[in-house]
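Have a look below at one chain only, the form predicted on its own, in structure tokens format.
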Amino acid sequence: MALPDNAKEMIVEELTKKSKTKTKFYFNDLSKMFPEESPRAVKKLVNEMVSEGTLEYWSSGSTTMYGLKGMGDLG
């Protein structure tokens, strides 16, 4: 199965909706949006969004989280 054509928009919309209470999301939070997809396909999409500047990642050294670029404190 392939990711929907509007997968990027779906992620941005979902993170925007939740940004009032949460600005950092685990990869599993993002992959749950596409339960039929393999984690590898979702990871590729998320990494593409980071490269494009739509998302940014935050790492504690042991955990990597993702958020919308410029939203909340990811630094």
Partner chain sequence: MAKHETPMLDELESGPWPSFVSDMKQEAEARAKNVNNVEYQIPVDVVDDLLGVLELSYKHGRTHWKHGGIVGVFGYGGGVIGRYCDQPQEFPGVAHFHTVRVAQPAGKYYTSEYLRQIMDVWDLRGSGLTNMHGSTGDIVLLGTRTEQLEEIFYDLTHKYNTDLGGSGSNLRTPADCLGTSRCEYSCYDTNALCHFLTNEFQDELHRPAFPYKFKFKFDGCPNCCVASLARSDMAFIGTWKDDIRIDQEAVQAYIGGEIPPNGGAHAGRDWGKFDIQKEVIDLCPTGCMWMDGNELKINNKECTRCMHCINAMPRALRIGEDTGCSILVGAKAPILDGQQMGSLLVPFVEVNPDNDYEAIINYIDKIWDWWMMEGKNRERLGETIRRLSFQKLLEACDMEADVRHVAYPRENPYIFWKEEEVPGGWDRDVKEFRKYHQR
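Positions refer to the first chain, counted from 1. Here the structure is a predicted model, which means the values were calculated and not measured.
What follows is about the form predicted in complex with its partner chain, which we do not show.
Residue contact check for Ser59: one or more of its heavy atoms lie within 4.5 Å of its partner chain in the model of the complex.
In the model of the complex, Thr63 approaches its partner chain with a heavy atom inside 4.5 Å. In the model of the complex, its partner chain sits within 4.5 Å of a heavy atom of Ser51. In the model of the complex, no residue of 8 to 25 lies within 4.5 Å of its partner chain by any heavy atom.
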